[in-house]
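Before any questions on how it binds or moves, here is one chain, the form predicted alone, in structure tokens.
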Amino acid sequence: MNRIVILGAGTAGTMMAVKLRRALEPEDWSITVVDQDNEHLYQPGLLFVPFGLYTKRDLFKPRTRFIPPGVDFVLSEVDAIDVDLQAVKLKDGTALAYDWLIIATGARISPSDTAGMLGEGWRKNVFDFYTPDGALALSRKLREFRGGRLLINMVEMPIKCPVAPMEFAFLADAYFTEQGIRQDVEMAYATPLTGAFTKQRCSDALSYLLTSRGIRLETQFNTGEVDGGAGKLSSYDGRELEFDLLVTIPTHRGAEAIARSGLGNELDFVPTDKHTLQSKASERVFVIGDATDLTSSKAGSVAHFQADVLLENVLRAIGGRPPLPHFDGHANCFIETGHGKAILIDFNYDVEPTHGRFPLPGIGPLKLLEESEANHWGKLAFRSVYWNLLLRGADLSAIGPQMSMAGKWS
């Protein structure tokens, strides 16, 4: 019996379990998925929790609901991976041997990496929204917030969903407007990037939107220290920004098990071939989703595109053929801009976000790189697509893994 082990039952790991189980004969191949809990989190929903648009109930479903029959689900924390012995050691001391390993262990926030972030201001006037507890705590804080200086700060890249910090800024602008206190709130967005986003064309559009909403943009702000008691955020170049409420996107890291195994880079993400998704540590290990060190966005759509490529490459590897360099960094995502509108962007490693129609060339119905109500409703509808189609491995070949330029223009 040949053995495939998948570490992580999030978006990427679940999709790979579904796709591989369909592709491989159960009598010849065992597939085991490992995760430390049975709670599958819909991560895009965290953005809406602080504004009361989603509740905790909207975010979670049991992982076992999406693990297909014929796949073993092991409920355990991973201790370490030994690529030489081809084994995964679990926290209880047991070991899972594998013939092929897929690492889908995701990313985690690490607020302790920033001096003072977990000090006296944590969850008092310093909040995150990238965790369920953080998003719920911030929701309670916003309900009592009556004005002052709101500072949104991204500590460093890479992070999960790179546009989410700006989405928070736009939704906060709309929220305070609806509450009738926008004139009493001074808003600023501080980023280590040279602009609002990593891709210049999209960065220009988002910078314009931030300015038009009265949100000051502070670029090349490399966060050094948080002083919650004094309400100050300091950068390494000596700049200081004052706040009454700081919404921070802390440093992100890969899984602790990756660090313990010595398989990660300085932030514990796994060095991965950017086109084949094969680990650089072993030809019998592949990596997918947020666990990689790739420059593609850490987002659900990217995991979806990677999964189609990875399925082909795992099957090729099993058959003794070399993997194909078919992943082009394809990503698309909705960007909530508040007031019932959103922007949709589509891009890859080399191509900037384009204008055009999506998903059908020339037809749409969604417009790229433009604000529209249709894009907003598309973002809200994605939750149903995620639970009912994406995780269940539905055929979404109309949106292929490689970026298409049909019906698009710069």
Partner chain sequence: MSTATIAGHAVSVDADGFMTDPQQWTPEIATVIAASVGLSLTERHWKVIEFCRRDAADKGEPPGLRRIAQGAEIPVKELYQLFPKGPGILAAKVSGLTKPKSCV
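Just so you know, these numbers come straight off a predicted model, no measurement behind them. Numbering follows the first chain given and starts at 1.
Although not depicted, the form predicted in complex with its partner chain is the subject of the following passage.
- In summary, the region of this chain contacting its partner chain in the model of the complex, judged by heavy atoms within 4.5 Å and restricted to 123-131, 208-216, 137-145, 288-296, corresponds to 288-296.
- The listed set Asp113, Glu77, Glu312, Glu242 contains one residue whose heavy atoms approach its partner chain in the model of the complex to within 4.5 Å, identified as Asp113.
- This chain appears without its partner; in the model of the complex, the one residue of Asp328, Glu156, Glu186, Asp204 with a heavy atom within 4.5 Å of its partner chain is Glu156.
- Remark: Gln86 does not count among the residues lining its partner chain in the model of the complex, judged by a heavy atom distance of 4.5 Å or less.
- Residue contact with its partner chain in the model of the complex: Leu193 places a heavy atom within 4.5 Å of it.
- Put simply, Gly231 is far from its partner chain in the model of the complex: not one heavy atom of it is within 4.5 Å.
- Within this chain, Ser282 is remote from the site of its partner chain in the model of the complex, having no heavy atom within 4.5 Å.
- If you take 188-218 and check each residue for a heavy atom within 4.5 Å of its partner chain in the model of the complex, you get Leu193, Thr198, Lys199, in sequence order.
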